[in-house]
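Take a look at this one chain, the form predicted alone, written out in C-alpha cells.
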C-alpha cells in the first residue's frame, strides 16, 4: 500500500513535466511572459485575506463603518499588490551560461545572467529571487533519471536566495550573474533539469514563480584517487627524427619558439621580458631530440571506478607538469599529447567511460614498459 502514493506522485510529476515542456519550452534564454508565470497568495497573503474577511464580518455584524472601511482598504491592497507583483516578475529575463566541468567530490555551479527584458529594457525586476531545482538530472547517454543532487540528503531540494541589484544595463559586462550551486555525486555527462525561480516582491502577499529549462549539459569528472599506475614509454621507430616540444624551461633542451600563453601553464615558462615590453603574454617552448611520450595504464582486473579515479589523478598531475602522456585502459585509448585541451579531453573521456565505451583514438602499439610506480601514500585526495 505505501507504494501506491509514491507511484501516484511520480505519475503526477511526469505529467507536470510534460505539460511544462509544452507551455514553457526549453531555451538557453528566457524572457518571462503570461504563459510562463504562475502566481498565488503566499502564506502571509492567505492570512491577510482571512483577516480582511473577519473585519468585514465584524463590521457588518456590529454596523461599524470604520471596520468596513478597513476591510475595504485591505482588499484594495491585496488587488493592487496582485498586479504589481505580477508586473515586477514579468520584467525578469535570464540567460544561462555554459557550466564549467567539475569533479564529483567538489561543488559546481550554474551561472544565470540577468539581462534586459525585450518588452521593458529600461526597467528591471526587483526584490529577492528564490531559486531551487525542480526535477532530477538525466544522464545524456541513457536519459535515465537519477537521484536529486541536493546538498543534503533531504526530501525537499535546498533553496538559494539572491538579491537583485536592479541596475540592468545593455552592456553584457555589467549584467548581474547568479551562481546556483550544483552537486552531482556521480561522474558522467548530464542534462540539467528545470529550475524554479520565485519572487514575492513587494509586500510578500503573493508569490510569483516559474519553472525554466535552460538546455544545459555538464560534465562531471571522476574523483581523483592517488595510487599505483603503470607507465609505458612509447618507442620511436627513428629516434633521430623524433623531435618533441617540451614546455619546461628548467631542462637543458634547446630553445624552440615563443607561443601564446594558455591558462593553466606554469608561470616559470612565461617570457617576462615580452610581458614587460609590450604586455603580450607568451610562453617559451623547448625541443628535445629524444622520445618522451608515455602511456598511463591500469591492469584490466582493477575495478572500473577505481581505475578511472587513479587515471584522473595522474591526468591532473601530468598535466600540471606539462608532460606528454596518453591513456590506455580496456577499450579507452587516448594518443599521447599535452596541454590544457588534452587534459580536458582525457578527463572527459574518463568521466564518460564504461564497459561499453568504444575506443577513443588509436595509440601507438610499440610501447616499452619502463616502470611501475608503487605509491604507499594516502589512497585518497
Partner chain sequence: MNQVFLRRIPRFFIYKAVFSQPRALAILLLCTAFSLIIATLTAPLMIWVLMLGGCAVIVRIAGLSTMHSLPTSRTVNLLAILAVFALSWFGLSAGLLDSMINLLVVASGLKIMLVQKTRDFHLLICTCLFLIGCGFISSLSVFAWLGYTAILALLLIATAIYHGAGVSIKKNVKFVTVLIVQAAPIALLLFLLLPQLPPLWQMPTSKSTETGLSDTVTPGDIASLASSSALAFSATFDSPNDVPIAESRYWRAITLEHFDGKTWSISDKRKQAEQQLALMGKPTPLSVLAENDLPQVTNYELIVEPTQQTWLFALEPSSPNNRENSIYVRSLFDYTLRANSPISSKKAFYMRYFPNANITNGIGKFEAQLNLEVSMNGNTRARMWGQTLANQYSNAQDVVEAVMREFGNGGFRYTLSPNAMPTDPVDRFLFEERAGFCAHYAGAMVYVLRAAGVPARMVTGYQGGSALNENVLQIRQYDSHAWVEALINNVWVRFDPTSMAAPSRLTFGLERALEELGESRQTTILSDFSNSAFFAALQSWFQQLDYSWSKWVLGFDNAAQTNMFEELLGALTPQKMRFVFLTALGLVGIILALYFLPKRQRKTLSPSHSILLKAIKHVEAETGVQRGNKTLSTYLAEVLPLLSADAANALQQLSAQFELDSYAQQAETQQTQTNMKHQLKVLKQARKKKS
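Numbering follows the first chain given and starts at 1. We call the rigid core the largest set of C-alpha positions that still match within 1.5 Å between the two forms. The structure displayed is predicted, hence computed values, not measured ones.
Not on display, but discussed next: the form predicted together with its partner chain.
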{"item": "Options 22 to 30, 311 to 319, 46 to 54, 338 to 346; stretch whose heavy atom lies within 4.5 Å of its partner chain in the model of the complex", "value": "46 to 54"}
{"item": "All of 65, 163 and 201 with a heavy atom within 4.5 Å of its partner chain in the model of the complex", "value": "yes"}
{"item": "Residue among 276, 185, 267, 80 with a heavy atom within 4.5 Å of its partner chain in the model of the complex", "value": "80"}
{"item": "Contact residue in the model of the complex, chosen from 209, 72, 261, 102 - any heavy atom within 4.5 Å of its partner chain", "value": "72"}
{"item": "Proximity of residue 58 to its partner chain in the model of the complex, heavy atoms at 4.5 Å", "value": "yes"}
{"item": "Distance check, residue 281 to its partner chain in the model of the complex, heavy atom within 4.5 Å", "value": "no"}
{"item": "Contact flag, residue 76 vs its partner chain in the model of the complex, heavy atom cut 4.5 Å", "value": "yes"}
{"item": "Contact flag, residue 87 vs its partner chain in the model of the complex, heavy atom cut 4.5 Å", "value": "yes"}
{"item": "Post core alignment: residue 61 C-alpha displaced by 2 Å or more between the shown form and the other one", "value": "yes"}
